[in-house]
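A single chain, nothing else alongside it, follows as structure tokens in the form predicted on its own.
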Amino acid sequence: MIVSTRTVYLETMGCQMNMLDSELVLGRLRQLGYRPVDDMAGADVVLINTCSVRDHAEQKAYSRLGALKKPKAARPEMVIGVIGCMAERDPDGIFEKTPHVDLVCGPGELSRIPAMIEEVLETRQKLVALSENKSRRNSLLARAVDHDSVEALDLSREAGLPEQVTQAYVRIQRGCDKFCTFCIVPYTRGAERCRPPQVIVDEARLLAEHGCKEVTLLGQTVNSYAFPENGRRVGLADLLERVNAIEGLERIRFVTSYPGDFTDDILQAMRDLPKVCEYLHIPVQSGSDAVLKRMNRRYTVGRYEELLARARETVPGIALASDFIVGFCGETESEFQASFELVERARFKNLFCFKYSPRPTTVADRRLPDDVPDTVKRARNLAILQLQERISLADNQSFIGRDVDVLVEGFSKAAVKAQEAEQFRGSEVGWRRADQLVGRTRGDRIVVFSGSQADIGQVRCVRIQSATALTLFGELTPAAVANTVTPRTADVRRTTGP
């Protein structure tokens, strides 16, 4: 094993899958002696984990890479790597636009990063590692080979874990077979393949042994999880039951779900398993059946709303979130209005809304005109976000005066800044306090309150005093000291006051 004393800076863009990939890569490098640093320009190795879902994400990556041109010129021994989906999609374009980049590695080959860095340092040659046999990726052999190569990264987790971890992602599935016409994921992450359930359970148990209180099961279409075991099919509901039995874990989440595959046994598991949180992120993308058909989403708005109704009926207190794309190819004003009206009816806890941007190689890019003007896209995006802000504000304000259980993640960004600036220590500017903590409820609501280092990693009871559209603000209750948390309370612990 090669042991390094070099420093490494790793920046992550995009989804939770990228965040997990970065964590695993950094853990492996840390095991080999690399020291993570926050100074991008001064690091010996810089890795940018990229996203290709939207053009804006790629332009942001190029902007960060451009900022490394001068540091690389001053220190030619610096190693710069582009990893993730953008690397898989356009390796030649990366080298052409940013010739100071040394290595490009797709998401299916990230276990090779340490060896690639060493080879660059030794040979000063540019290196590329991408998933092989893309044209054969749908064959069983190609899937098996691809799975082996990516599984190596996940199985390296134990060596790179910190001494204490509160929350963690666990990958249960890679790739996607849906081929929505706007989406590049099947082309950058390959076909859908699921990890064996026992491997997933073992990884979650390992995390619990390191103090992890919450795991989030990750997949591109996580509710489609299916693995043959001893002649029977293990689905997501079965997997949730197994992870629920792990001692030490207190919360289980899963993202992201696909509406067309969602079955009632998953809702029943959410209702019956005490550790599974009452939160469901289930992107709809559009409120128009015609647009959904052009997107190849394989469900209707009616079917989606029936799912939301069943979720609310089956899982009391469930919080629902969604994604929307506005300005998709051919979207008319009436089709957009259908999305707007769906948001009004659905009353999501929150949603993410994006302007459509064509992605090379996708069906929409090849066959459908990007004919909605950008000014219209921006206006529609703003309208959806403003509507959701009003809904989220009203929803959050309903929690004022109530007690909620919060898993404390750490000090807030404002608190960290206050701690770094001695003149602000112990002072207060609104909610900018050096002792300001942040955490989340079971329904994924962000809560900010004042506490101490001892609260981090614990579940605390917080009484909500005020709210914005994005955040609940409160104070610890006397019950929080004893950490007397009920095992199953959704978001509202109890109502206080009149």
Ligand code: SAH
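The shown structure was predicted, so the numbers you read here are calculated from the model rather than taken from an experiment. Residue indices: 1-based, along the sequence shown.
Heads up, the form predicted in complex with the ligand isn't pictured, but that's what we're talking about next.
Checklist entry - Within 4.5 Å of the ligand in the predicted bound form, do Gly219, Ile325 and Arg359 each have at least one heavy atom? => result Each of the three qualifies.
Checklist entry - Hey, of 381-389, 103-111, 175-183, 313-321, which bit sits against the ligand in the predicted bound form at 4.5 Å between non-hydrogen atoms? => result Single hit among the candidates: 175-183.
Item to check | Contact test in the predicted bound form: Thr256 vs the ligand, heavy atoms, 4.5 Å | outcome: So Thr256 counts as contacting the ligand.
Checklist entry - Would Phe227 count as touching the ligand in the predicted bound form under a 4.5 Å heavy atom rule? => result No, Phe227 is distant from the partner.
Checklist entry - Applying a 4.5 Å heavy atom distance criterion, does Lys355 contact the ligand in the predicted bound form? => result Contact check for Lys355: yes, within 4.5 Å of the ligand in the predicted bound form.
Next on the checklist: Residue-level contact is defined here as any heavy atom of the residue lying within 4.5 Å of the ligand in the predicted bound form; does Asn223 satisfy this criterion?
Outcome noted: Contact check for Asn223: no, nothing within 4.5 Å of the ligand in the predicted bound form.
Item to check | Residue among Leu26, Val459, Val448, Val53 with a heavy atom within 4.5 Å of the ligand in the predicted bound form | outcome: By the 4.5 Å heavy-atom cutoff, the listed residue in contact is Val53.
Item to check | Partner-contacting position among Pro91, Pro197, Pro283, Gly235 - heavy atom within 4.5 Å of the ligand in the predicted bound form | outcome: That would be Pro283.
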